Structure formats: C-alpha cells, structure tokens
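Starting off, we have a lone chain in the form predicted alone, written out as structure tokens.
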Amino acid sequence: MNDPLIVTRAVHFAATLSVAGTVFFQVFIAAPALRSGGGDAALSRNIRRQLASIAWIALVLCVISGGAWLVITTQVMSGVDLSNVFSEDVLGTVLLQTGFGQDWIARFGLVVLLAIMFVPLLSPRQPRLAWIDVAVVALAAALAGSLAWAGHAVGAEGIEGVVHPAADFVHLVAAAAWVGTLLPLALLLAASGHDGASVAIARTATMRFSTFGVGSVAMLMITGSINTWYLAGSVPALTETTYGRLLLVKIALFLVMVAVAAFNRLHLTPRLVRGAGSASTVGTLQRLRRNATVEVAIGAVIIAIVAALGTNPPGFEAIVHAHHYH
C-alpha cells in the first residue's frame, strides 16, 4: 500500500462509495426512521447534521483523490516527470483522448451535480420534494457505478463487452448500498439515546437496513461471481497469480462481513424489535453499533484490496503471460 496510485485509488473508491452510500441511507433508511421517532426535533437535527457531514466530507475527498488519480495516471501514461504533467499539454490529451480521461470528466460532472443537489437533500428543512430524492439517488448510483469504466471490465468484445461492464456497474452500486451505508448506520445508532423516540428510530433504521442489505449482498454475490469468472476463470488463475490471491483474500473478507451481517439480522435485529427501551435493548443497540463498526473496518480493507487489484493484470492474463514465457 505504499504505491501512490494504489493509495489514491483506495481513497477515491472509499470516498465514492461513502458518497453514494450516505445518499442511499438518507433516502431509504434515515428519512423513514426519523419519521418513526415521533417528531423529536433535536434528535432529528443531530442525525441529519451528522449525515450531512459524512456526505460533504466524502464528496470533498472524492474530488481531491480524483484529481490526484488523474495526475498520477497521466504521469504513468505519458512517462513524463510529475512536474511536467501541467507544463506540457499532457493532461489535456489524457482527458480528451483516452477512455480514462473521458470517464474522469463524466464522473467530475456527476460530482458537481451531486454537490448542487446536496443542498436541498441535506437541508434541515423537511419535507422535501420527491423528485429531489429520485434525482440524487440516480446521480449517486451513476457515480458509484461509473468506477467500472476505470477498471478491468472495459475493452472486451462481444457479449463479454456488455455483460462484464454491466455486472461491474451493478457490483459497485451494490457495494455502495451495503458498505457505504455502514458508517451512517453506526453513527445513527450512536446518536440514538435510550428514550422511546430514540429506540423507535434505531429500530426502524436497523430493520430497513437489514432488508436493504439482503438485496445488496445478493447482488454483490451474483455480480462478483460474474466478475471472477471473467477476470480469473480457473483455479490456477486464482491460486498462482498475485491478482488471484488478492481476489481470494477479498472474497474471504467479504464472507466474514456476510457472517457478521447474518448474525445481526438473525439474532440482534429480532431482539431489538421485541425490546421496548429496556436495558437489554440498550445492550442490543451497542452490539449492533459495534458490529457495524467492525464491518466498516473490514470494508475498508476490501476497498484497499480492490484498489490494488486494479493495478495488477487479471488472473487469466497473468497465467497466459506465464505460460507464454515458459
């Protein structure tokens, strides 16, 4: 993780998924949960303020890391010194004449539109017009999914050239819908008190998150299998290449996250639903918050691995290359 390109990609992926995940959480989980709290204005303002902070910080990190990614990639593509990237017309050439540059421009446009739409979405003034939610969710999904065009999914021909990018797009949106919503959930649970309104908010948020997460995990498994088939496709490609071994670690960590999520859904969430503000309910909330924090940490490691995967040749290419030289 001492490669500047890998670090930059990791920060950008994390920021992008956090932007999209916070939007999804705000629209599909937090807003209904806050309505269930019986109108506790102070608690609602506190939670909305924290969600707004996550969204804006993530968006700023997305811009900064995206700019750094562009500069580093331009330097790698052109072979010029980093100091000459701006002095020569190299940056403009990469932006306008490469797929990476064109994707970067499109993604920057999405970030600008999201920044504009964040103003009404994250405003403490409620309620807001329904079209704002629809527009922001669409923009957030497009921002997360468009990372697919900066990876190994592009460039194939035939049916693979359609199925693989589409699967990668959905995979990234599903990752934002699960991994990107974990930090907002942890903060909402931390902000909730022990009174009836707070417990009602936490209960509704946890139940909606649980349902939301099941669909996200299912899509991650389906699209992840498709991506693994195209990028590895054989046992040697998984076990004998750097790409394959990193992918196996990613899959193992993903399964650990799924196990934690399953424990939450099957044991802690039902216990929270049955509770009524008792000491056991408080303990359940603490365990849910702790588990969400653990999942955030594992998700961060997975994102770092994904960043490294993008800088390594896919497993099948490495196997072909190795056989060619043998």
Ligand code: HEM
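We number the residues from 1 along the sequence you see. All values derive from a computational prediction rather than experimental measurement.
Keep in mind the form predicted in complex with the named molecule is missing from the figure; the text below concerns it.
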message: Within 4.5 angstroms, counting heavy atoms, which one of the listed stretches 207 to 215, 91 to 99, 220 to 228, 77 to 85 is next to the named molecule in the predicted bound form?
response: 220 to 228
field: The single option of 143, 136, 175, 202 touching the named molecule in the predicted bound form, heavy atom within 4.5 Å
entry: 175
- line: In this chain shown alone, the residue from 197, 114, 148, 237 with a heavy atom within 4.5 Å of the named molecule in the predicted bound form is 148
query: Should residue 107 be counted as a contact of the named molecule in the predicted bound form, where contact means heavy atoms within 4.5 Å?
result: no
- prompt: Even though the named molecule is not shown here, does residue 257 get within 4.5 Å of it in the predicted bound form, heavy atoms only?
  reply: yes
message: Under a 4.5 Å heavy atom criterion, is residue 179 part of the interface with the named molecule in the predicted bound form?
response: yes
message: Against the named molecule in the predicted bound form, would residue 306 count as a contact residue? Criterion: heavy atoms within 4.5 Å.
response: yes
The named molecule in the predicted bound form - contacting residues of 235 to 263, heavy atom within 4.5 Å: 243, 247, 250, 251, 254, 257
